[in-house]
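Two forms of a single protein chain come next, each set out by itself as structure tokens; they are called structure 1 and structure 2.
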Structure 1
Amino acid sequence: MARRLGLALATCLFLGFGAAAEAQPQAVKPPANDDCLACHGDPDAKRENGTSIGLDDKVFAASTHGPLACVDCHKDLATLQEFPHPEKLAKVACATCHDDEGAKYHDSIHSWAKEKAGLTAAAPACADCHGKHDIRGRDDATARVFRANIPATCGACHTGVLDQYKTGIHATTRAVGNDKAPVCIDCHTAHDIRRTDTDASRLGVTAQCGTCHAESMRTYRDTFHGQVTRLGFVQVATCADCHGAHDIFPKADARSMVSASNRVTTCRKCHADANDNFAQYDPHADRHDKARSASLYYTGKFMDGLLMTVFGLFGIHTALWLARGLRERGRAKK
């Protein structure tokens, strides 16, 4: 083993000297992947502290970055002339290529926690969700960011949320094959994740619910909560305030926040003095749906009739008056 390490070191040193011998500033030849693998291909090669520096080149070759050179990401090694290189390398800047995602991540709560709040170990950077040398595209079923794998990837840190999510209707309907049902990123986005109490997040998540629950969104928009949130005021109920976020259940389920037994408690989150009567208010009432609410349906019809009668009669009254008045005026001028 010692002989192999020695050989690897010798190769690295040779390469380093070779580069130095050519000594033309622009023409430094960066190490090829095979050069790196001379050391890193050895599963037993270790850092000073005993951790492995080994890398399975088959895993890397199969990754979505397989065609890239090591120095494409580890840029500081492209111009380094002395090998073995120092243990501490510059951070890989994924945003060099993935600039859109980088910009979104930069504004996210994850980035804020890492860069500003000092949660350096806890908060994720790119590799924590996407992997490093084994990185795979989201269409690859083995990728950590493959749709079906997202809950597990986020749940690696957000364990409590994952437990809640697993019980909810979105996860259980996914389990029986409804791939449209949301995973974490559908509501929270992948890179631009915000605190859920910000206006932008509350509006964004609400809009997301509507992409599948179109009918509920339509009726929500017809009632006060939906009317004012549409105009940007979000200190009133949005979907998640009444239905929950991760452990959403159908209203027939006793665990649901909008089940008959829980509804008053849910209303009281905002309307502290709400009673049983109050909780009978239908936040998704539909004036066109006779079966859902006959009283509202017939009130709507009455109002339509009233408006048409008033405007019809006064429309005629005004039109006739205008015509006669103009004739009178014409006559007066003559």
Structure 2
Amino acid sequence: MARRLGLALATCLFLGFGAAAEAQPQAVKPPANDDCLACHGDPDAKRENGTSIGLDDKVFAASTHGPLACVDCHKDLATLQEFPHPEKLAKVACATCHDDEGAKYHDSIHSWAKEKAGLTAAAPACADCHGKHDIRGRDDATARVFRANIPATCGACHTGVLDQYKTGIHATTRAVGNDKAPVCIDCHTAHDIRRTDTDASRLGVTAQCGTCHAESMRTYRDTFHGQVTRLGFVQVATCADCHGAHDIFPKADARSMVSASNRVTTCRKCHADANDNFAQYDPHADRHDKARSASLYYTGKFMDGLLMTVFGLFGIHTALWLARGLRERGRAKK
């Protein structure tokens, strides 16, 4: 009897555990890249509207994201069980991995234009600058964000600005082999691009230009314009107000805003009564440069000599007065 009860109990336990095991949901296996390439690997594959959905697996494998799985970015497909997937997928959140860059982008003019101004089709997202399945590192000469390719990448949206930049001294200097000449990101940065019409941007122009033109920034800071901007006032000329922003030319070039033929017009942007004599003002005068500013150089030397003479005479006078005072005090004690 006991033996029968034991067998019955064992059978019940076995069946119970089996039922429990069957009741537990099986882990969903996400689609592999080969599953995705079954459709997207066909270069002729297209959506209903005719746009291509083909993907070159060799290009993707050579990209920065080559080691990743498709579902690492397209996370809403990780639980997909049936193909084809819905045509409209969730947007890829690059900030999931690139959180620092994502935070900077969120505070930039591009994010503001997309999220607050409603320019969803015009304002760029990550893929517009970096690509989608062909993303390369910025040290790769084929990458959209490779230094030499930056103007073309930004110019895909800012076509008018690119045309101006191409004619300016920065682009022409790069064209003859000077890779240190600035591109867009040197002045505007990459992910935390700001509006250029804000007080902070205007006040920051001098520091940005000064990263390359340190001597010009030093002499500018010595002038009225430079001193006032240092105090935080924005209604004063900065580098871009006199030289331009994207189409900057050497002053010997007739197109330059500071050329002899355009200087009065440039000054009149702020000083309505400016004339030829007014435009002779040197905004980068240097009292240490005799060749550039001879009158200022000799005036500075005179003032240095005068200062030394005054302090020297007063020093001698003070020493003599001290000696006399000590003698008089000695006589008074006697």
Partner chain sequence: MATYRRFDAANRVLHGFLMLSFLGLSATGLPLLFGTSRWAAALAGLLGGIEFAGRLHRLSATVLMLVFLVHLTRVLKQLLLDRDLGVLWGPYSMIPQPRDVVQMVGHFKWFLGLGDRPRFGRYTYWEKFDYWAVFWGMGIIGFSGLLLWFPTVFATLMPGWFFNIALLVHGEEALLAVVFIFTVHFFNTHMRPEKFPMDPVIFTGRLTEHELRDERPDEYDQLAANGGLAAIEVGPSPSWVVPSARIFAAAVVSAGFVVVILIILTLVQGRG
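Whichever C-alpha set is largest while still superposing within 1.5 Å between the two forms counts as the rigid core. All figures in this text were calculated on a predicted structure; none of them were measured in a lab. Numbering runs along the sequence of structure 1, starting at 1.
Handout entry: Number assigned to the form predicted in complex with its partner chain in this pair
Key = Answer 1, the form predicted in complex with its partner chain.
Handout entry: residue 142 C-alpha relocation of at least 2 Å between the two structures, rigid core basis
Key = No, shifts by less than 2 Å.
Problem - Core superposition between the two structures, C-alpha change of residue 202 at least 2 Å - result: Moves: yes, 2 Å or greater.
Problem - Rigid core superposition, residue 230 Cα moves 2 angstroms or more between the two structures - result: For residue 230, whose C-alpha is compared between the two structures after core superposition, the shift is 2 Å or more.
Handout entry: For residue 329, CA displacement between the two structures after the core is overlaid, in Å
Key = C-alpha displacement of residue 329 between the two structures: 9.2 Å.
Practice task
Fit the two forms on their core, then tell me the C-alpha shift of residue 53 between the two structures in angstrom.
Solution key: Looking at the C-alpha of residue 53 between the two structures, the offset is 2.7 Å.
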